[in-house]
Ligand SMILES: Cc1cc2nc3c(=O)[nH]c(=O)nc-3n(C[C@H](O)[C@H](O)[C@H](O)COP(=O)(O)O)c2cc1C
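Just the one chain here, the form predicted on its own, laid out as structure tokens.
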């Protein structure tokens, strides 16, 4: 059975506009793909911590020994094995919540998510062909140098070997000049269309 890994980085839970948009996409996608398994990670409930210096040293030794079977690398193994990846996170401090960054630290393991080639280049090892990043933004940052979240996701997909990073977003939602409901409705229509092809 093929697997979609859904990484929920929406720390406001049911109050999250990003999560509502993502759930709309996921409902439509699951209706079209009933034979797929969905593995959901709710980052806010997981309590992941940033790696300390001592942990990095210990894990680096395991990486060099290629000892990847233990629980320290479970999230990286799950991420690398997924057939498709759905990542939902609001736009916070020009990127995304810290929980997402910490999760990415846990999955970015040399020897599982990527490796280095003979010339030092990174070679992706992840199975997924597509990653969909869903986000909502209070301001208007599309194409701005201040938007760092989506750009980081695109870079990581290149490192992981995920060939098609996709973006679904609604932005300008806190701009009083905008009709936030209309913007979210338009993004919802985009979510429906993406669900047909993802």
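Numbering follows the first chain given and starts at 1. Note that this is a predicted model, so its numbers are computed, not measured.
Same protein, other form: the form predicted in complex with the ligand, not shown, and the subject of what follows.
Within 4.5 Å of the ligand in the model of the complex, a heavy atom is found for every one of 17, 90 and 173. Of the stretches 138-146, 157-165, 61-69, 125-133, only 138-146 has residues with a heavy atom within 4.5 Å of the ligand in the model of the complex. Between the options 102, 94, 110, 81, the residue in contact with the ligand in the model of the complex by a heavy atom within 4.5 angstroms is 94. By the criterion of a heavy atom within 4.5 Å, residue 186 is excluded from the residues contacting the ligand in the model of the complex.
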